[in-house]
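To begin, one chain is listed below as C-alpha cells, in the form predicted alone.
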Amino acid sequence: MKPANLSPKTLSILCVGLAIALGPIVLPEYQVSQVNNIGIFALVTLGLILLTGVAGMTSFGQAAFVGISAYTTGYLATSEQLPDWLGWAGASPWAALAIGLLLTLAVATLLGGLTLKLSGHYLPLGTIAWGLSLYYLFGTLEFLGGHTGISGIPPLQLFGLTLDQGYELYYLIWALVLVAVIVTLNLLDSREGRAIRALRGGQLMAESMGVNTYRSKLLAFLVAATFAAIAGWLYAYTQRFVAPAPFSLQSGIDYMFMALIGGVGQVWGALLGAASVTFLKQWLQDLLPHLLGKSGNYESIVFGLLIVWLMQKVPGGIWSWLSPKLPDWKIKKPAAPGAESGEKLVRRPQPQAGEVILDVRKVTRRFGGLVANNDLSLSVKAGEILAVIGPNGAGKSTLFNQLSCVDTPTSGEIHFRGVQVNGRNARQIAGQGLSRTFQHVKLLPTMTVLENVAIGAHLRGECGFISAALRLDRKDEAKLLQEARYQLERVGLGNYLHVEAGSLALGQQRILEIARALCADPCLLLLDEPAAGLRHMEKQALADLLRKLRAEGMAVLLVEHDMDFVMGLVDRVFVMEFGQRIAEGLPEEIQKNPAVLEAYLGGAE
C-alpha cells in the first residue's frame, strides 16, 4: 500500500509506533527511564489537550487525579492488613488499576459537577482550589504515610513477568500512551468529538443544534481524568514510591506548560510538549551550575523566560510550527467517509400542509423596566414563509431568542406543534424540529465546512462515546457526513467541504449556517438576516432554496432588512416597532401601509 493511500491519522500512528519500538534499542538505559517519565507526562498532557485545548476548559488540577490513582496503587500494593472486603485486590496490579480508575472517576464526577458550570476565570480558579485540597489531603492522611508518603511498592508483575527495570516498563508505558492517542483521535473524529470541539466558542450554537453541552464538558473532563489515573498507576510502579510533591499545584502548572508548548489544540502536541519540557528542564539543571559556578533554582528562572519567548514566537506550540513542514501526504485532507453510501438518515414525520407549526400568544419580555417585546401574537403554518421586519431596536432578536427557547418570555405562551414550550431549553426545542441561524454568524472557524454542518445532525446520530473511542461508529458517522454533504451541495457549497469554515466569505458563512440548520431535519426554520452579506446572484439562489423548502412543506420564519428580497419571497410580513406589532399582512399590503412607511420603509436603517 502506498503512503498516499493511508489516512493522515494512520500514518502518524505508524511513524510514532516505529519510533517507540526502536527506543530501547538506540537509547542508553538512563535515557530509557527518562523517556518512561515522558510517556507518563504525555498521558496526563493528552487529557489536558482534550480538556483545555479542544474543549476550552482550563484545568490546573490534573496532577491531583494522578495522585489519587498513584496513592490507591501504592496503598493496595503495600498494605499488609487490608479490610476483608478489599483483601482480594492487594496482590493484583489489575485490581489496583481498576480501583484507582473508579475512585478517580468518582472524585472527578463530583468535582466536575461542582466546577464545570463555572465560566470565565472562575473555572480555572475552581480547579486550583480542588487541586490544592487534594494535594494537602494526600499529606494529611496518616494511612497514606503523611508527607513521608508510601515506599516499598513491589515491582509490577503482569502475566508472570516482573517488570522492575526501565526498559521492561518502557513498552507497557508507551503502548498505553499510543492507545490513549488512538482513542482520542477516534473520539475527535466522531459525533461526540464534534460536540466537544463545539464547546470552545460555540456553546450557544451547539445547544441550538441539540448538543447537551454540559454532558460534553463532563465527558471531556472524565476522559482527561481517566488518562491521569492510568498515568498515576504507571507512576507508582515506575518510581515504586509515592509522596505528595509530584501531585502539587506546581505539577498541574507544569502539565499545562507541556500542553501549551507542544500545541494545546493538537493531539500529537502532548508528546512533543512532554518531551520538550522534560529535556529542557534537565538540560538547564545540568548546564546552568557549570555556567554560573554555583547551584540554585536558576533553571526555573531561565525556564520561565524561555516559555514566555516561545509563546511569543510560536503561540500555537511546536506542533503548529512543525506540521506545515511535514510532507503533504501526511496532512492531506481525506475524502468524506460515506460520501458514496446509499444509506441515509431517517427523517422526522412532516406536518400536514396548512398545519399551524408555531403559535405565539400575547408574548411579553421585560428586562427590568425595559419592555423588549410587548403583547406579541403571531403564527406560522407548514408550507409558509413569514418575515419579521422592523427598525433596529424593534425587538426582533429578542423575539427570535424566545421562539428558539434561548430566552423565556416574562408572560404569554409559545406553542410549537401544539405543545407549549415556555421554559424549555434550546436543545429540547431543537429535538422537536425547530432549527435556527444567528444574526452574528456562529461557527467553528478551524473546523472544516463539512464538520461544521455535521453538528446540525447531532440529534440524528445514535452512537455514543464508547462506540466512537473504539471506532465502531463508522456506519452512523458515514450517514451523518453524507447528510452534511447533501445539504452543502443543496445550498451551493459542495466545493468547500474540506475548507476551514473561517476562511469562507461572510455570505458563504451565512449559507453554511443554513445548511447546518437543515441538517437537523427541521419542520420550522428560523433565519436571522440570512441575506446579509450575500451578492445578488447568491440572494437569488437563497430565495430559490427557500421556495423549494416551502414547497416541501417546511415553515420558515425569517428576520431580514433587505426589503426587495423579503417582498419577492415571503407569504406574509409581520412588522415591529419598539417591541410592538404595528402591522401584519401580505407583502403588497405592507408596502402600502402608512404606519410601516413612516416607521420603517420611509426611513430605512
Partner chain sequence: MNYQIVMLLGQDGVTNGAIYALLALSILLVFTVTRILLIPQGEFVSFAALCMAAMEGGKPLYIGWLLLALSLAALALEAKERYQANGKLQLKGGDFAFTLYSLAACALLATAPLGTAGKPIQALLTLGLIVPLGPLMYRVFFQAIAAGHSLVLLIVSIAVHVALVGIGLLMFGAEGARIQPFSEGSIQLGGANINSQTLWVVAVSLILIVALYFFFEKTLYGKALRATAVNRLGAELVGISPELAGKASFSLAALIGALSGILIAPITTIYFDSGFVISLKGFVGSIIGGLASYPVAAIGALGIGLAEAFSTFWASSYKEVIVFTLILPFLLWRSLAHGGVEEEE
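Note that the structure is a prediction, hence the values are computed from the model and not measured. Positions refer to the first chain, counted from 1.
If you look for the form predicted in complex with the partner chain, you will not find it shown, but the lines that follow are about it.
- in the model of the complex, which of the stretches 530-538, 219-227, 296-304, 150-158 has residues with heavy atoms within 4.5 Å of the partner chain? Selected stretch: 296-304.
- Task: Examine S133 and determine whether its closest non-hydrogen atom to the partner chain in the model of the complex is within 4.5 angstroms.
- Result: Because a heavy atom of S133 falls inside 4.5 Å of the partner chain in the model of the complex, the answer is yes.
- Given that the partner is absent here, does Y122 sit within 4.5 Å of the partner chain in the model of the complex, heavy atoms only? Yes, Y122 is a contact residue.
- is_contact(G56, the partner chain) in the model of the complex, heavy atom dist at most 4.5 Å: So G56 counts as contacting the partner chain.
- Query: Closest heavy atom of Y496 to the partner chain in the model of the complex, within 4.5 Å or not?
  - Reply: The answer is no: Y496 has no heavy atom within 4.5 Å of the partner chain.
- Query: Of G145, G166, G492, G126, which one comes within 4.5 Å of the partner chain in the model of the complex, counting heavy atoms only?
  - Reply: Of the listed residues, the single hit is G126.
- Query: Among S251, S397, T115, Q239, which has any heavy atom within 4.5 Å of the partner chain in the model of the complex?
  - Reply: None of the others qualify; the residue that does is T115.
- Though the partner is not shown here, which residues of 138-163 have a heavy atom within 4.5 Å of the partner chain in the model of the complex? Those in contact are T140, L141.
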